[in-house]
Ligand SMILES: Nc1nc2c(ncn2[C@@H]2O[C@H](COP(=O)(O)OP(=O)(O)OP(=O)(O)O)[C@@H](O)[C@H]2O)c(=O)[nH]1
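Next comes just one chain, in structure tokens: the form predicted on its own.
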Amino acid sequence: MQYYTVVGDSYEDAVRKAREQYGDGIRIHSRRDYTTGGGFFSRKKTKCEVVCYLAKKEKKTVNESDISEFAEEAKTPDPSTLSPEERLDTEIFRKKSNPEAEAMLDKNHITDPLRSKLLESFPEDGDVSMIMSERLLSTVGIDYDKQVHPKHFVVFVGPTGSGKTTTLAKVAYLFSQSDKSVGIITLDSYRTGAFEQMSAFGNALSIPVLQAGAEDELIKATERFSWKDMIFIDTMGLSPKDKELNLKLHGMLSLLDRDRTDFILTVSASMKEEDILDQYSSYSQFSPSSLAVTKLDETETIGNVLSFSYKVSVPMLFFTDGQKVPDDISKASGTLLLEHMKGFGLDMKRFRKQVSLS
């Protein structure tokens, strides 16, 4: 299936442009809102990028008038009759992809629609690594705003084994060190030792921990922590087959003020993109605002996560690369992103190793 990317000043403007360019048969695959500008001489502008595709048309009986109409449309236009914009558009779509750029994306397991976006109108000349790095940084989402201005409730959701509990403890400690008073509530009363594990983290980090196994207990726990700047909430891992547990978690989290709540989805960097998408279906009901990418130490590239992040329009917030608490965590950044991609810019891992040995 061919994907097309269109940018407008708003979602409605982007959809209108897409329909004007590709017809009424387009279907919206995903959207991404972002801002541009904001330098010394320019103001920030809000933009919306939509990724769309053409829906398959139903088969119908073709008569002679249709055939003559199709034949007329199939005629190759005289280049001299095309406008500069039409000629440019034709050249872009006929242009062959850059083999070196294609190889970089293959090596990092980057798939559509991110792949098509990065290869769009790729120049024939220039440093491919530098061009691709710049495109990647300007395309993928990093939630810098939430790193500085978090909401009151921060709920971590994700499958069992994704590093959810450990990552929550690390993030809670990070904010506690930036003059934020924090508390932790765990809803996981199903996994053996879940509360004991979180309590151990809390004691080591001087962060109070409460457990809530039912809705009334959650209300009491939030009231006890009402004076805190931030309340971190750990949840149980979900299974698509366990409808009862899913409904219980949904019911408990519905008690929180949605305008004051952020949902962070933990995603293991060592998983295949299709597996991440399957797991995401269990948590899409909460509309995660950002991603905590875990287990970077278990993979050589995060192209699978970047493809997933772009496809579902959920930016990255934190990276973790080990089990040490409160260490082995970093705020997501362009530098760290490129560091975990093959062939993109400076190999910081090798550089740090050389410095440590010198």
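Just so it is clear, the model here is predicted, and its values are computed rather than measured. Numbers for residues come from their place in the sequence shown, where the first is 1.
Although not depicted, the form predicted together with this ligand is the subject of the following passage.
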{"property": "Option touching this ligand, based on a heavy atom within 4.5 Å in the predicted complex, out of S133, Q197, Q211, T222", "result": "Q197"}
{"property": "Sole residue of T160, S189, T111, S129 within 4.5 Å of this ligand in the predicted complex, by heavy atom", "result": "T160"}
{"property": "Partner-proximal stretch of 322-330, 26-34, 45-53, 307-315 relative to this ligand in the predicted complex, 4.5 angstroms, heavy atom", "result": "322-330"}
{"property": "4.5 Å heavy atom contact, S282 to this ligand in the predicted complex", "result": "no"}
{"property": "N98 within 4.5 Å of this ligand in the predicted complex, heavy atoms", "result": "no"}
{"property": "is_contact(G237, this ligand) in the predicted complex, heavy atom dist at most 4.5 Å", "result": "yes"}
{"property": "Contact of S176 with this ligand in the predicted complex (heavy atom, 4.5 Å)", "result": "no"}
{"property": "Residues of 164-201 having any heavy atom within 4.5 Å of this ligand in the predicted complex, listed in sequence order", "result": "K164, T165, T166, K170, D188, R191, Q197"}
